[in-house]
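There is one chain below, alone, in structure tokens, taken in the form predicted on its own.
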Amino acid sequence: MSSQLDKIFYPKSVAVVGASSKPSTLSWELVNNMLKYGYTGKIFPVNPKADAVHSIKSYPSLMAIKDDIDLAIIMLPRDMVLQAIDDCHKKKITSVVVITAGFKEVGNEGAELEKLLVEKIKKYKIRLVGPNCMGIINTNQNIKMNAAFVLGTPIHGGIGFVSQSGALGAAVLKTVEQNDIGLAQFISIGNKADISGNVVLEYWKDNPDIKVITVYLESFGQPKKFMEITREITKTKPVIVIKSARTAAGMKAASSHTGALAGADTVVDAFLEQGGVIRVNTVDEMFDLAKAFDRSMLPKGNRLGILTNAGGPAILAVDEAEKSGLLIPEISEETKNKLREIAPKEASFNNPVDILPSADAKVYGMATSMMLEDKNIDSLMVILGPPLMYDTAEIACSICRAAKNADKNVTLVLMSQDDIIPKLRKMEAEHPPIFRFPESAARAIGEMWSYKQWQAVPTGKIKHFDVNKAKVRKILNCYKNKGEIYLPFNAVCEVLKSYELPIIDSGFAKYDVNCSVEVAKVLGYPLVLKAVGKDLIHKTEIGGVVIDIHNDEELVRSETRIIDNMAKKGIDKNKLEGFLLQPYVRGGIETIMGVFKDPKAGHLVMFGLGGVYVEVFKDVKFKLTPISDIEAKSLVRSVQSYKLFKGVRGNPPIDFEYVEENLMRLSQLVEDFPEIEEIDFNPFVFSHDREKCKILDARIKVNL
């Protein structure tokens, strides 16, 4: 596979099948771009009606070309594409890009044609990009291939960009020069009939030309695979993703709390976070980060120094830096004294250092060097507001030269000076990342610091507990061929006990007062009484729960109250199958723990603040299973309620190790039994005393 992808990204010869001799057509533009950009290999236009394309000899067919061809780019009408694939096979071409549109993106007829296309390439062992894509770019100086059909001159850099959207890719390529974005490689994957984003990521993982990977995707074909790939990649190079359709509907309707909270975007956030991926909201944000990673080293710490010639932008930088997890430390007295020797006495020598609008190129360059030598800072942001009397490009060059050999993270903010960037690039090809505004620079440095911390996080271990798997299999076999159902509570209890998940002791009483009293004698007061019925899902909402019952008389009244509450809600009494009695647990903190099965991503385990308001506060987080010990620890600490769990107002912290153990046991349960669709433990009460940690209510939904 690697050699075939090499021929896609590093071809020594390219045949453009369907190359047109008519200016302004897509295929004419693609060949034009290859020539203008200086492609170092051979170009073979294929057009039976033209003698030449762009003054290059044209060939009537692929078979008429005597040379070997590494890559074929097909730009024919849709109905001619399958024949072109046959011709590629005859010519022994195993790497193909299909630019042509009109396949599954246009409806059933196109989808059928794409199905035939996939069958052919699999039969011929051809790797295919597309269809419905806009091409490939590689700025490597030994290749210099711009095989895309849009305007724009890619700047060489270390950014790999994979886009599912051709239109977005076109927009990016038109602005790279203006925004100083250095691309290494670009690929538009279109319909992903063969080569997907996952395939490209794996190829780029060890590619030395790629320093940072950027991705725009509208859908994930294999989310779990994506997470596994990125978790490995991000330990050595950053991955930045825009995933569109944040508010997309279409998630399977779920009756459990866990299912209701597992929205489409929540699932995406979970596996991106587990993969160490940086998720952004806009294209500007993505490339602000990408160029920072590309043109500057990772910060060694979170201490930021700011050098400026204007106070206002520096204040904005400080505010954003603090939001981004950065510190603004005091610089050393030694550095301050050095700065006093070169700057006006009116300057501010505290961090941020303001050397005033009168600072020229020499002062800016010296001040940059001095601050980079300060041991109190890990990163330096240099802000240059438009000077009135000096040449901006000259000052910017002086800053770049001072920063060139520094072993610290450096960013340059050129405010309202977009016209300076092309000049600076010509004068100083090697320069720090350039931003228009200080807030963007501060956010980028903050993300780089967060990424640095992610790299230091150990992988963790998947623990396997000694459980009674055979007993759970026997229980589930009792409900075989029942389809999608909730297990009865007694079965739920047996499943949980088999995995040593601490479900509270319970007793079931049929709709009979005497029966409830007999169960109460066994459990002892105080008790909790709950309505039971396969259609009675959220019991609290229908008034189906009464707590802190102290005697038989209160128990009888409580049963009557629940029946009355159901009647007020318009619920048929016949839906009540009986009552569940449990010991009343005082103290502790109510959490929620659960599992939801996403159709594509698989099982996700959830943890957060539980109780009756769980869907109001929504203080929960998800992770794909199986989860490691490190991921269990991270999951518990990622919710806002973590401060509450640590103990407040003299209360001791909950037993965190036990919380993490139960998360891993739950993860193991659904990995062992993939037919489980949803699990809810709400509330799951945790305290400092492990013996008092109990699951007070549990539901398990299976599809058998």
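Since this is a predicted model, take the numbers as computed values, not measurements. Start at 1 with the first residue shown and count on from there.
From this point on, the text means the form predicted in complex with another copy of the chain, which you will not see here.
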| item | value |
| --- | --- |
| Segment assignment from 56 to 64, 645 to 653, 37 to 45, 667 to 675: heavy atom within 4.5 Å of another copy of the chain in the predicted complex | 645 to 653 |
| Any non-hydrogen atom of residue 479 within 4.5 angstroms of another copy of the chain in the predicted complex | no |
| Non-hydrogen atom contact residue 153 with another copy of the chain in the predicted complex at 4.5 angstroms | no |
| Close approach of residue 313 to another copy of the chain in the predicted complex, 4.5 Å, heavy atom | yes |
| Distance check, residue 116 to another copy of the chain in the predicted complex, heavy atom within 4.5 Å | no |
| Proximity to another copy of the chain in the predicted complex, single hit among 237, 91, 144, 436 (heavy atom within 4.5 Å) | 436 |
| The single option of 373, 218, 86, 564 touching another copy of the chain in the predicted complex, heavy atom within 4.5 Å | 218 |
| Partner contacts in the predicted complex for 612 to 634 (non-hydrogen atom within 4.5 angstroms of another copy of the chain) | 612, 613, 615, 616, 617, 618, 619 |
